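One chain is shown next in structure tokens, namely the form predicted on its own.
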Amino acid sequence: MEEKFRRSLYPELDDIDYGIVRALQENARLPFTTIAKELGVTEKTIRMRVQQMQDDGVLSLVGIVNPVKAGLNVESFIQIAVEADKLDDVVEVLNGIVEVRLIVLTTGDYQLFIQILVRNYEELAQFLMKKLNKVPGVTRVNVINELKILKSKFKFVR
């Protein structure tokens, strides 16, 4: 893919911001002095730009845990149908459940889509029976288990 085309996918980022994001997504611990040298600007410029992108919510520098290495071997995606007047209540309950990593409002027959991680299928069964099925307002669920990751793309820019 041509550099010009790739850059046009991210019009809110100028060339310096784009370069910073590209460098930090490869190694979030890369020294600002190294990035500054590569981009031909001062370390202060990099530091200020990174801070501004973090303040604006454009960039987050976080550690990512590999769930499998942490013992969470079963990943499930669950579609949840909710009574119309109970949506906020259901989301509030789901926010308090540790296994729930992601909650998405969707269109279609299921109003919510969640991602959960558990250690094994016994924990999945317990989650479904003792937690999710007891949430008032949930009318129907569709559980989708991950079998194999065929593509995982974390890179924002190339």
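What you see is a predicted model, and the numbers here were worked out from it, not measured in a lab. From 1 onward, residues are counted along the sequence shown.
Below: the form predicted in complex with a further copy of the same chain, not depicted.
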(request) Consider residue 40 of the chain shown here, and say whether it contacts a further copy of the same chain in the predicted bound form, taking contact as heavy atoms within 4.5 Å. (result) no
(message) Is residue 130 near a further copy of the same chain? Define near as a heavy atom within 4.5 Å, in the predicted bound form.
(response) no
(message) Is residue 28 near a further copy of the same chain? Define near as a heavy atom within 4.5 Å, in the predicted bound form.
(response) yes
(message) Taking a further copy of the same chain as it sits in the predicted bound form, is residue 97 in contact with it (heavy atom to heavy atom, 4.5 Å or less)?
(response) yes
(message) For a quick check, can you give me the residues of 101 to 134 that have a heavy atom within 4.5 Å of a further copy of the same chain in the predicted bound form?
(response) 101, 102, 103, 104, 105, 106, 107, 112, 113, 117
